[in-house]
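We begin with a single chain expressed as structure tokens, specifically the form predicted on its own.
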């Protein structure tokens, strides 16, 4: 069944490509752009349309989705040379599903408003597995009416869809998400290291813990990756570190004590320093840092 809305989709990477494919499966017309056209063969073969520039995307759509690595990239694809904003008609809805600073998100929204363009910030969680399955958690900031308009689009990509609050509230929630995941990764890693040191089977320990209060998606998915040393990226360590810098800045700004978060961030930083930022964030299991002296 065809949906009438034409959607622009900028950013067809590990997360963006399966999200765009799910929109195509839901019957939307989707016009895509990515810096590397070679990455888009599957998108085109699945019925997606290709545009040469972000501006060319913007000229053709009623809703524009962006999902790129960080704030500078969002600004570039929107406001840079041949940026999408140059082609957007008034009243177009922009949905930024990247993970960026809440402060930067507000600045971008206000700049779009000057040309009559609406914006929602709607970062996601669930990794490439959730992106492929269409079961992402989507955290939304912005106007309620805009959220309602975009709900069929969100439902094609996600399962847990929550309107958090006003502009940038989605990005604030995503910071909370990344904070908790970093601590959970560290907790699971330390637990499995402990099991190994005392001579018990980590696979059996994980199996047992999955049945009790210690169960979590991190233990289920990342715990297995740690045990099998399978660090093929779902969510790259370098991107998680970028998100943790956002958390770090916010904690300092609001005076939030975050000792456990700091230790977890140190391990992610170490993975990146070793040249392994392209690996999955579960690769922190390969890092051992003594807590003493790490947090200052």
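All values derive from a computational prediction rather than experimental measurement. Residue numbers count along the first chain shown, from 1.
The form predicted together with another copy of the chain is left out here; the points below concern that form.
This chain is drawn without another copy of the chain; in the predicted bound form, the residue among 103, 210, 133, 86 with a heavy atom within 4.5 Å of it is 210. With the partner omitted here, the residue from 75, 111, 155, 193 that has a non-hydrogen atom within 4.5 angstroms of another copy of the chain in the predicted bound form is 193. Remark: residue 258 counts among the residues lining another copy of the chain in the predicted bound form, judged by a heavy atom distance of 4.5 Å or less.
Put simply, residue 144 is far from another copy of the chain in the predicted bound form: not one heavy atom of it is within 4.5 Å. In the predicted bound form, at least one heavy atom of residue 247 sits within 4.5 Å of another copy of the chain. Residue contact check for residue 81: none of its heavy atoms lie within 4.5 Å of another copy of the chain in the predicted bound form. Residues within 4.5 angstroms of another copy of the chain in the predicted bound form, judged by any non-hydrogen atom, belong to 135 to 143 and to none of the other stretches in 67 to 75, 86 to 94, 113 to 121, 135 to 143. Applying a 4.5 Å heavy atom cutoff to another copy of the chain in the predicted bound form picks out 210, 211, 212, 213, 214, 215, 216, 217, 218, 219, 221, 222 from 210 to 227, in order along the sequence.
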